[in-house]
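The chain below stands alone, shown as structure tokens; this is the form predicted alone.
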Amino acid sequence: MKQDITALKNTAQTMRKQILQLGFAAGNNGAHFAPALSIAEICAALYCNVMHIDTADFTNSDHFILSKGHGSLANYTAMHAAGLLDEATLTRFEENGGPLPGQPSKNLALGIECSSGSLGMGLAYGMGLALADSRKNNSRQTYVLLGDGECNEGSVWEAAQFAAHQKMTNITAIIDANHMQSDGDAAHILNNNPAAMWQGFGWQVITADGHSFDSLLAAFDTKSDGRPRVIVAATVKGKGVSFMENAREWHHGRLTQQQLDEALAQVTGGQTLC
């Protein structure tokens, strides 16, 4: 059942709480907190409103590829909200030999279609799924979530060019445009204009506020004009936790108990599930 805006907000808040708790429980392994917090609303919107998900038969569901695999905690908690992961499985995050490593590992039984974390690969993988679906007259849609820093990878643009050439209207890329990457400010590392670049590669460009469900759902509802779609979603890295927001050191880190308590005090919300 699709969630309305109020329920989606509650779900995103619950996801943020889980992201912090699961990352803290990982102990000395640490976790990619800030990259997951920046995409909480995007993942909640996809899993709890936009995508068709058949929990009884995952092969009937739309495809989701988390190309920026370091945002896995947002992916896992959204899957839990959508009923694809139970509580017992969710709490096994970063368990040695467990099903939910820090970067996603392909596990079709759980609904994870792609091993990611090696940046720049997810769009090509998703494009292959979308191309196969179109040739089989399958109505499944493919959604690929990339980081803006990840778009420095040339393989992203090879895939983008091919998708535009094929006029693939059944694929949507979402750019987590938080303007930061592991080494710092993205503009200082390799400055570019994402919207102009995607437009130049033949994609339909839609902009959105990545933390507003009204804006995100309107973007996802925008029909394809005959080209593949890309949603450039403006976000804040570490969104919701003041000491993590736009802070390079929280790309990956370890929380102390005091920091966890402070972060949880800032992240409040409901327990709504899809």
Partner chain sequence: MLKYDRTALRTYSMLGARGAFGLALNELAAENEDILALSADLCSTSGLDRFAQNYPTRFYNTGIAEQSLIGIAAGLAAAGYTPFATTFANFAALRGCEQIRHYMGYMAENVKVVGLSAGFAMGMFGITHYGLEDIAALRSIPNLTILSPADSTETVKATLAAAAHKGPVYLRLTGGMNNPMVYKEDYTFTIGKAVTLQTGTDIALVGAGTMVAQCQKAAKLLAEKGVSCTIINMHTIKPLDTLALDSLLGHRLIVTAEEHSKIGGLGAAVAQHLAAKTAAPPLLTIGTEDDYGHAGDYAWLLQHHGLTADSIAAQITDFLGV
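Positions refer to the first chain, counted from 1. Note that this is a predicted model, so its numbers are computed, not measured.
Keep in mind that the form predicted together with the partner chain is missing from the display, and what follows is about it.
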For the partner chain, considered in the predicted complex: do all three of 43, 49 and 79 come within 4.5 Å of it, counting heavy atoms only?
no
In the predicted complex, which of the listed residues (85, 100, 121, 177) lies with a heavy atom within 4.5 Å of the partner chain?
121
Work out which of 91, 105, 199, 152 lies within 4.5 Å of the partner chain in the predicted complex, going by heavy atoms.
105
Of the listed stretches (144-152, 191-199, 92-100, 112-120), which one has a non-hydrogen atom within 4.5 Å of the partner chain in the predicted complex?
112-120
Check residue 185 for me: does it contact the partner chain in the predicted complex (non-hydrogen atoms, 4.5 angstroms)?
no
Quick one: does residue 159 come within 4.5 Å of the partner chain in the predicted complex, counting heavy atoms only?
yes
Can you tell me whether residue 125 touches the partner chain? I mean in the predicted complex, with a 4.5 angstroms heavy atom cut-off.
yes
Quick check on residue 164: any heavy atom within 4.5 Å of the partner chain in the predicted complex?
no
